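We give structure tokens for two forms of one protein chain below, kept apart as structure 1 and structure 2.
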Structure 1
């Protein structure tokens, strides 16, 4: 695509020199010949400092919010560099989301499970559907792919590229797990959302957003951008979202999609549903009553895109689960479950869901991320783990540049200040998993919380491949 056409898409005059553009990125290390480089001023680095380097790498133009230097390629000045990055990526890919039916899912907890449920229900309804989530991405063929490690949350060019791949593979719909960071930093700007699903809002990422109100406003962007909203009526923040055409869902409050008579049964949950499509009995092969909310939100989103009552009911009963989300690794004699729960509210939900179905003791392995990733949740995690589990093992979870002992001691402080001593510290996560399973007796449940399906473990000086479920299976094997 010609640079002049991209300039026009940004409402800018044509540059003095035109050229073919092959890609766009904001990362100097990723620049290839024919790319446009977007210079973003961040908290630590100013992308403009890398202009000589990206030109040497073959960049044909630079985009930024203003620069006094000189370059041998056109410099396009824009009001907002991140917005420009997203708009350029969408234009360069031909706006693939406009040719897809797109569901976006946001909220503090339940995003991934609701996204995967929606994907499954849309496929059950016959729509060729792709997925972009924290667990990975799928084209309509169903094979799960992972982004390289440096794509912790995909940036706008990767989002648009994935949507383009879904479309080119024959996709008719896509489900995007849309985090507050992705929304606030314009990573999903330019996505034409048909339906927004709001799961809930509880304190998290306040190191980034500052206040709950700002966190709410970042999440609310998804609802503002979408044509239609599906909102959790049991969430106080969700009840503020009444400007958009919408369906509500819930258990405790009156809602368009409401579940009643929820029952734990062997292999999952059963409940009755009232909905705009009619009333029906549902079965969900998942542990945890909180997953009823996720199922209601997913069913409402799929129904909005055309799924029938029979397709929803039958599809829900066949759901195979989400990797790393209440994933049962072993059922007996010790039940071992892998889950992504990594905040005090999500850990409380997970442990509370497992307690009624546990015959013996409940043992949890849990850590907390390092860096500036919400250090205020470490002590509450320790308190929650020791209050709801019989034994808690505190361990590593991507401690990065923060001394691991500092994190573990803070979690221990939260437990001790609550008057509890039913915990131990095992810094190495592999050894922590082994310690939990070795302590377990028949009838006990071991919850490995925090990592879920993530495929790397970040330490101070290294990043290692990681597979939580595989580590659990390895620890379950009898010693030779």
Structure 2
């Protein structure tokens, strides 16, 4: 696309020198020949400092809010660099969101889970759907990919590129987890949202947003931009969002989509639902009652895009979980869960959530990372695991250049100093998983903690591909 056309999209006059533009980026390291570089003045860096470097790399123009220096390529001055970045990215990609049904999910907690549930329900309703979330992104084929920089919602060029990939792969819909940072920093500006899902708002990220009111206003942008809102009626902030056409959902407050009679069962949750589509009994293979809210929000969003009551009910019962997050790999006779809890508080939360629905014993497999990654947590992890599980197996978890035995001994020390001996050390993670599953009897729960959906395991001299859920399934198969 010609630079002059992009300038027009920013309401700027044509630059002196026109050229063909191939891409746009805010990151100097990512500039390729033919790209426009948008120089952002951020909290840590001034993108203008990288102008000589990006020209060397082949940038054909620079966009920014004003600069005194001399450049050998056109400099386009704009009132707001981040807005320009988003507008250029959308223009270059041909505004893919306009051709997709887009569901945005925001809120302090539950965004990732609600996004994955919505993805699954839309697919269950036959819509070819893609996803962009903290856990990674998917085109409609369902393969999980990761961005080079770890974000819930990446910067606008990656958002637009992902939406464009989803569309080109035959996608009809996309679910976009939209963090408050993304909304505040224009990463999702220009996305044509059809539905905004609001999960909840509790104090978080106030270092960035300042006050709860400003945090609320950042997230509210999603609702303002969307055509229709799906709002948690049990959230006081959500109840303020009454200007948009919307459906509400909830458990404690009257709502369009409401759940009653919630029961924990070994395979997950069961509850009754009343909704604008009718009433039905729902089964959700997930642990944690807060997931009822996530399921209601996801069902309402999918229904808004055309899913029927039968598709919602049947889809919900077949949800495979969010990869690596309290993911139920097997429900019976032994329940096996994969979760990414790798700190003492998150391990405590995961084990405490599993205890009430564990009929027999709770067995946990856990390690602790090497290198500089918080060595102080090793002994507390050992203590927590042996306090809340009946049996703990300490194993490797990316020990890198730290001797594995040192880590395992430290975890064991934490347990011993608390007067416990209900643990064993199995250095090889595959063997540890096998040992846990072999020990388990019907009614027991095995929690494989720490790795979640990570796809590599780092040892001292090698990095091996890793798939914790596949390892669990392998260990569950009877020996040939």
Ligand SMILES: Nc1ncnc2c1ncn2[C@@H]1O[C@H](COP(=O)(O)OP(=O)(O)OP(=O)(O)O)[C@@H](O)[C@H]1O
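In this text, all values refer to a predicted model and were calculated from it rather than measured experimentally. Numbering follows the first chain given and starts at 1. By rigid core we mean the largest C-alpha set that fits within 1.5 Å across both forms.
- Looking at the condition given, the form predicted alone, one finds it describes the source of structure 1 alone.
- A summary of the domain motion between structures 1 and 2 places the hinge between the two rigid parts at 322, out of the options 293, 322, 389, 178.
- Comparing forms between structures 1 and 2, one finds the smaller rigid domain rotated against the larger by 42 degrees.
- Its Cα shifted by 7.6 Å between structures 1 and 2, residue 331 is reported here after superposition on the rigid core.
- Superposed on the rigid core, the forms differ at residue 354: its CA is offset by 3.8 Å between structures 1 and 2.
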